[in-house]
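Given as structure tokens, the chain that follows is alone and in the form predicted on its own.
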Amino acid sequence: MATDRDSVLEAAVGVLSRRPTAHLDEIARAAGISRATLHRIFPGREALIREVGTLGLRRFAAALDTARIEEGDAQAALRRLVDAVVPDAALCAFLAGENQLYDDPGINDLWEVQDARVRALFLRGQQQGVFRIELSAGWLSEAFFDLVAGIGWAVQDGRLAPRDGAFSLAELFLGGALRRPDTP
């Protein structure tokens, strides 16, 4: 029986996003394969971590593209991004929690390109008078990503229903990021 690489990666996300130090045995068990099979697919933990990180960044880039964040009103673009990214919130949780990825220049380069796009969205929103100007676009980007990761953890732990993820993220984030008429 052939093992689907993507299903192994999905199982790894489910384990590693909550337990970054999980043993390869746990990941193999979650994927329904032996540790030997896991090693045939990924030669070691470092290769698996890098592959999951790359998958997360590819999916985040696809969400940015799907949401067309460079188009139109910034608030509407952010709502589209929320809808596009929440299905992969567990991958964002993995990316937020896996500090081994920060040692990889290729991963850092991929992240920087995507983060620059999100920062540009917030800067555009600030220029449009939609988002708060006393919070930097860089901080808004960081906070947004961390809230997406929080949605991933909350859904995994059963504290939030998957269908409520996008609404919860948009309402909480926009409630704090939107510019109030009485502030400069």
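Everything quoted here is computed from the prediction, not taken from an experiment. All residue numbers refer to positions in the sequence shown, first residue = 1.
What follows is about the form predicted together with the DNA, which we do not show.
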Does residue 159 make contact with the DNA in the predicted complex, using a 4.5 Å heavy atom cut-off?
no
Look up in the predicted complex whether residue 23 has a non-hydrogen atom within 4.5 angstroms of the DNA, and give yes or no.
yes
Any of the heavy atoms of residue 155 lying within 4.5 Å of the DNA in the predicted complex?
no
Indicate whether residue 129 is a 4.5 Å heavy atom neighbour of the DNA in the predicted complex.
no
Candidate stretches 142 to 150, 51 to 59, 35 to 43, 119 to 127, one within 4.5 Å of the DNA in the predicted complex by heavy atom
35 to 43
